[in-house]
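In C-alpha cells, one chain follows: the form predicted alone.
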C-alpha cells in the first residue's frame, strides 16, 4: 500500500449518539456497533445501536413537538426563514462536512464537497417552494367554490442510505420539515458520522426542540421499529429493493404513506450518430463517480454495433486512466468503497464477470493498495443480457458493455431488467431521442446528458426501482395531507328524504 498517514478528522466525538428531544443520548440498553474507516477497515468509533425503546422515545418527542404546533402551525414564511438559515449554516460548515463525509464513506474529497453544496441547495429550494406554492381552486360561478387545503401529516420516518449520506438526508429532511412535519431520521449504520451535524445545525437555525430526532442503529432493529411504529404515518426510504419489499410488507398493517427510491441497473444507450467523446466522458463519469455507489449509475452501456469496437477500445483506455487514490487527496477520482462487506460483494461480481464477459479494464485491486476497500474501475465488454452482471445491481465501479444492431433491439435490451430508475440516451436524431425516451421503462431519462437534475422535477423509478416520487411539488404532495373544502355559494339544492306531508 502506498505511504498513508491516517487522516482522522480533528475533534471527532468520543462516540456517536442519538439525538432525541434536543439532547444527545446513548441507547436505552447501552448497546453499540462498530463504525469502520473504509481506507484501513479499522473501527474508529462506536455508534449507539438504537432499538424499539429508543425509537419510541424519538417518536414521542416528535409527536409532542408536532402537537404543540410551534412548527407545524407556523406560517410558511416563518418556516422558510429557518430553512434558509439551515442552508447558510450547511454552506458555512462545508469544509468540515466534506472532511467527515470523506473519512466515513471513502468518497473522494472533491465529490464530498459538491454533496454539501447540494444539501444546502435542497433546503433553499424547499424554503422558496413553500412560500411560492399555490394550491388549486375550482369555481362554479354563483354556485360553489372548492379549494385544496394542505396540512402536515405528523411524524415522518426517514431512512437513508450510506452513499452520499448527508446529501440524501437533506433530500428528505428539507421537504418533511418545510411542510411542518416532525421527523425521526434513521441514517445508515455504515456511515453515521455526518448525520450528527444536523442537530447543531438545526439548533443554531432555530428549529424548535423535538421537530428533528435522530436514532442510529442497525436497519433490522432501529429501522424496523420505526417502520412498524403505529404513530409514524409516513416512511420515506432510499436503499435496496429487497429492503424496500420488507418495508412495504411491514407498513401494510398500518396503511402508512410510502415513498421508496430503490435499486437501479440503468442503461446508457449510445447510437452511431452520437457525439462519441461526449458519450464516453458522460458514461465514464456516470458509473465511476461516487465510487460507482450511486443508484442512477449508467452501469449497462448499450452501443450500436457499427461504432461498438471503437467505443469499447476508447472507453477501456479512459477507464484505465481514472485515478484511484486515497479519498482525502484532491486528484482522486475513485476512492475506497464504503465497507468491507460491500467490497466483498462488488469483488464477487468482478470475479463473476470474468466468466460472463470480456474483461477490458480493471478487474481487481489497484496496484499498491493491498489494504482497504479499493477496486480498479472495471469494464466488461460483450456482455450478454442473460449475464448476472447485466441484470443485477452491483453498486460499485463496474460496467457492462453490450452491442445492439437496431433501435428495436436497443429498446428491448434497455428494458430487459427488473429495474427502471434512470436511462441515458445518446443520439443526434431528435425524433428518435424523444420516441426512445418515452418508450424506455425508466422513471427518469437524460438525452445527451449525464445525470444533471432540476430539483423541480419528479425523482423516482418504475418496476423494482421504487414506489412513488419525490422532488418539487411531488415532495410537497407526499409530506402533506390534501384536504378538499367545498363551499356553497347559492341556493341549497338538497334531495329531501323523509319530507313532511
Ligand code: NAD
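Residue numbers count along the first chain shown, from 1. Note that the coordinates shown come from a computational prediction; the quantities given were computed from them, not determined experimentally.
The form predicted together with this ligand exists for this protein as well; it is not shown, and the discussion that follows is about that form.
Only one of 404, 311, 395, 288 comes within 4.5 Å of this ligand in the model of the complex through a heavy atom, and that residue is 395. For the residues 122, 332, 251, 163, the 4.5 Å heavy atom test against this ligand in the model of the complex is passed only by 163. Contact with this ligand in the model of the complex, judged as any non-hydrogen atom within 4.5 angstroms, is confined among 251-259, 122-130, 181-189, 349-357 to 181-189. Residue contact with this ligand in the model of the complex: residue 459 places a heavy atom within 4.5 Å of it.
Shown alone here, residue 168 lies within 4.5 Å of this ligand in the model of the complex, counting heavy atoms only. Taking the partner from the other structure, this ligand in the model of the complex has no heavy atom within 4.5 Å of any heavy atom of residue 212. Shown alone here, residue 237 lies within 4.5 Å of this ligand in the model of the complex, counting heavy atoms only. Annotation: in the model of the complex, residues 218, 263 and 295 each come within 4.5 Å of this ligand through at least one heavy atom. Residues of 221-257 placing a heavy atom within 4.5 Å of this ligand in the model of the complex, in sequence order: 223, 224, 227, 237, 238, 239, 240, 243, 246, 247.
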